[in-house]
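Given next, in structure tokens, is a single chain: the form predicted alone.
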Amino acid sequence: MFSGFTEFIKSILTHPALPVVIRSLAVLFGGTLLLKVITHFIGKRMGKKYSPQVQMLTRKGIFYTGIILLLFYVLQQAGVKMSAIFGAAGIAGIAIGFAAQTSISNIISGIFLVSEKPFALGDIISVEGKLGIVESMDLLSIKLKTFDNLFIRIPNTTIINTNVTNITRYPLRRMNFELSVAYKEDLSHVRGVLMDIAMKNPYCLDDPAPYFLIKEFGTSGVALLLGLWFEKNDYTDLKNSIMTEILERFRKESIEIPFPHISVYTGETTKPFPVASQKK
């Protein structure tokens, strides 16, 4: 048994195709390392002149093109006739072309996204109700990471054909707080309290100034809107602090935040009737 295994190893080592296999593996391994070095160097050279997504697509395009050329070289060294491969590839390409229409559409859409630049890596976007951070922009799709650590892949054609909201495109944003106060409250006093809260909050900007609006007379109270401008990185701090301060100040100033209620009207000709609740 041992002698048979020895003969098998000897036959492999003396096989005429062994040098070709070793040389092919060396070319693939060394070429792959060289391509990684080249793409890394190109990314460094591109620097800040190009957006991160352009750099990513350029590096991937060069890397995969180099891999294909390496495979062609290895096949040629192995004695495979390239004309036969190209002929078969032409026939297969027609069939694959029909089957890969969606992929081709995604690639074209990816090129449009890179040229249009609606968002960049690291931006927070909303697509069809899906909110997340842009982690990758590839030829076929973009990848999002949600705030609860989920992975979302969205095809480029969906991005092109859908309304996309870039939440962090601009450094300044306005956060709207919608609230309601009882009809008995003095709206001038309520406005003064809200503006005082806004002016004293460290995350609220003075320029642009806070915005106050009396929206409508609601079913339970007067609907108000308070708009505060802030730097995009202070979103959580501003919202938590403002919500807490409004609740505390309204309690201190005895400003009533109404809850939905129903008034029962029985007509002028009827006498009032008592309503009592009983505890069980």
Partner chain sequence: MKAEAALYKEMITEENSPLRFTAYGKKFSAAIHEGRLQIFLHSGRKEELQTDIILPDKALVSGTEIALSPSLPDKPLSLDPARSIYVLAGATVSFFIPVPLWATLTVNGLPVKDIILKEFSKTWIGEVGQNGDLGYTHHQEPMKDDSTLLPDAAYMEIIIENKSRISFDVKRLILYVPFTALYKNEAGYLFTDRQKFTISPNNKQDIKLMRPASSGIETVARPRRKASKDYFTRFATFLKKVTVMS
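Positions refer to the first chain, counted from 1. This is a predicted model, so every value here is computed, not measured.
Another form exists, predicted in complex with the partner chain; not displayed. Remarks below refer to it.
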| item | value |
| --- | --- |
| Selected contact from 124, 205, 154, 164, since only one has a non-hydrogen atom within 4.5 angstroms of the partner chain in the model of the complex | 205 |
| The partner chain in the model of the complex: contacting segment from 128-136, 170-178, 155-163, 104-112, heavy atom within 4.5 Å | 170-178 |
| 4.5 angstroms heavy atom contact with the partner chain in the model of the complex for residue 245 | no |
| Proximity of residue 212 to the partner chain in the model of the complex, heavy atoms at 4.5 Å | no |
| In the model of the complex, residue 253 touching the partner chain (heavy atom, 4.5 Å) | no |
| Close approach of residue 235 to the partner chain in the model of the complex, 4.5 Å, heavy atom | no |
| Contacts with the partner chain in the model of the complex - residues in 122-148 whose heavy atoms fall within 4.5 Å | none |
